[in-house]
Ligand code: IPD
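So this first bit is one chain, no partners, the form predicted on its own, shown in structure tokens.
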Amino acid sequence: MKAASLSLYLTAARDIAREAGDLIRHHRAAGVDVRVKPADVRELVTTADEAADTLIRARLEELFPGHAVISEEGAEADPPLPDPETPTWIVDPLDGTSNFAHGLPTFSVSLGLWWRHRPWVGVVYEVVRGWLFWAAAGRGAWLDGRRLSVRRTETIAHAILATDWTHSPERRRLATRLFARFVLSGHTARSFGSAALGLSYVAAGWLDGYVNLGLSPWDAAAGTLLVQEAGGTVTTWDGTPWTPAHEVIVATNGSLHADVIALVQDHLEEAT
């Protein structure tokens, strides 16, 4: 991808994420309207999700009419995968809807640009704090104007690891037991309710690893690049590179990756 194009896409993604964040803040101040999606009682949607989705789609389609857009709010039960030959924006207009709906101030806007099987731009905007995490291929990962780098923790015993809960009951049980392993094996464990932010925190060095057993493409399309550009490693459970086709993600500081992969594999083998 040409450097000028990459700069254009990055600038647009940052501007759009901030604009969507402003809109979400407006909805939050006006009062949150929450509904349950028909397919799953745990799957919530709010007017803020839908308004942010409409805004992001409109901006992207206006600026880049040759690009495709895959967004959580416009997706079917089985989300489509990006055509590798078409630059594709993979968007979560409000990642952490359950947090937003219940008043917890931890949610984000996530935009990732994928083309030819790899991420080129990743932007995650933490709405309440106004933190803008961003990365472009070959240009590093940043929090506003500060360059990010993973923390080089060398042992699981000293690590802070995180996971989140999926909607599938079976995978939720797996995630619960995995969280217990993190608590017992590591320094401590956390869950934030936003995969995009969990990955951003690995890139920032605030977490040493993040694992999710039930992702959709938009959950990690941007955060993957943040971790990679900050010096970390992102794969699926068997060590192959993560792509939007994978439901399981393992993101670490790199130093711990083999150990975290082994812990996850051991956990999944015990569960089968």
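One rule holds for the numbers: they count along the sequence shown, beginning at 1. Remember, it's a predicted structure, so these values are computed and weren't measured experimentally.
Omitted from view is the form predicted together with the ligand, to which the following refers.
Put simply, residue 214 is close to the ligand in the model of the complex: some heavy atom of it is within 4.5 Å. For the chain shown alone, residue 229 is not a contact residue for the ligand in the model of the complex, no non-hydrogen atom being within 4.5 angstroms. The ligand in the model of the complex comes within 4.5 Å of no heavy atom belonging to residue 140.
Although the partner is absent here, residue 166 sits close enough that one of its heavy atoms falls within 4.5 Å of the ligand in the model of the complex. Heavy atoms within 4.5 Å of the ligand in the model of the complex map, among the stretches 186-194, 151-159, 80-88, 123-131, onto 186-194 alone.
Distance criterion of 4.5 Å from any heavy atom to the ligand in the model of the complex singles out 94 from the list 202, 135, 113, 94. Applying a 4.5 Å heavy atom cutoff to the ligand in the model of the complex picks out no residue from 246-268.
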